[in-house]
Ligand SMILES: N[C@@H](CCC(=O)N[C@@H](CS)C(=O)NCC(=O)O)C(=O)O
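First, one chain by itself: the form predicted alone, in structure tokens.
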Amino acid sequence: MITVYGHPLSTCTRKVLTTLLENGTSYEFVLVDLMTGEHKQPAHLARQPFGQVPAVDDDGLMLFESRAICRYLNETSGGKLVPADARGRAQMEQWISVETSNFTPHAMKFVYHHVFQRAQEPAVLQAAEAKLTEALGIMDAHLAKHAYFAGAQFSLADISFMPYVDYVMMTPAKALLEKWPNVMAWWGRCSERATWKKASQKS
């Protein structure tokens, strides 16, 4: 059985759990207590050398980095979260890259400041707002034509965005998202999935 070492509040842990649940894959969850610094202790560093969560053990195969874990878990469970055609896969990978480089770094500035109480300078938040607005506009234009980032199919690209959007919706930056109707419609579809509710402890 697959063992997931993580924390339920972790964005990256939630991506992995959503992928497992979408594929109906059995797993064991082992809590890594971030509040006590367990993720920086030798036992966890042996699983994840950067001292982050999650890490996964699949019958002796140790993996870290959530996007790589999600790809692996999906491929070994039937591949339903990756489009079957090359164009769909390319589109999926494109939007995962957008999430990684153009959305999440800016979104997380608001999350750090308002949710995790890690104060950010006003200039940092101002710059993040400009970059986040740019990304949202591009996302909204795409989602005006497609139900999901890879097209008609819910995929790993959507899972990549979901934990960060969820946390942004807990901050004043929620108002930025609400300016983009297609982003909000996409979020409505994704956030109502039973798998996401379970992974994010909303069910």
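Position 1 is the first residue in the sequence shown; the rest follow in order. Remember, predicted model here, so these are calculated numbers, not experimental data.
If you look for the form predicted together with the named molecule, you will not find it shown, but the lines that follow are about it.
The listed set Val56, Met139, Cys70, Val53 contains one residue whose heavy atoms approach the named molecule in the predicted complex to within 4.5 Å, identified as Val53. Comment: the named molecule is not present in this chain, but in the predicted complex one of Ser10, Asn23, Asn182, Thr195 has a heavy atom within 4.5 Å of it, namely Ser10.
Under a 4.5 angstroms non-hydrogen atom cutoff, the named molecule in the predicted complex has Glu65 among its neighbouring residues. Contact check for Lys40: a non-hydrogen atom falls within 4.5 Å of the named molecule in the predicted complex. At least one heavy atom of Leu34 is located within 4.5 Å of the named molecule in the predicted complex. In plain terms, the part of the chain that comes close to the named molecule in the predicted complex, with a heavy atom within 4.5 Å, is 44-52 out of 149-157, 131-139, 44-52, 172-180. Using a 4.5 Å cut-off on any heavy atom, none of the residues of 70-96 reaches the named molecule in the predicted complex.
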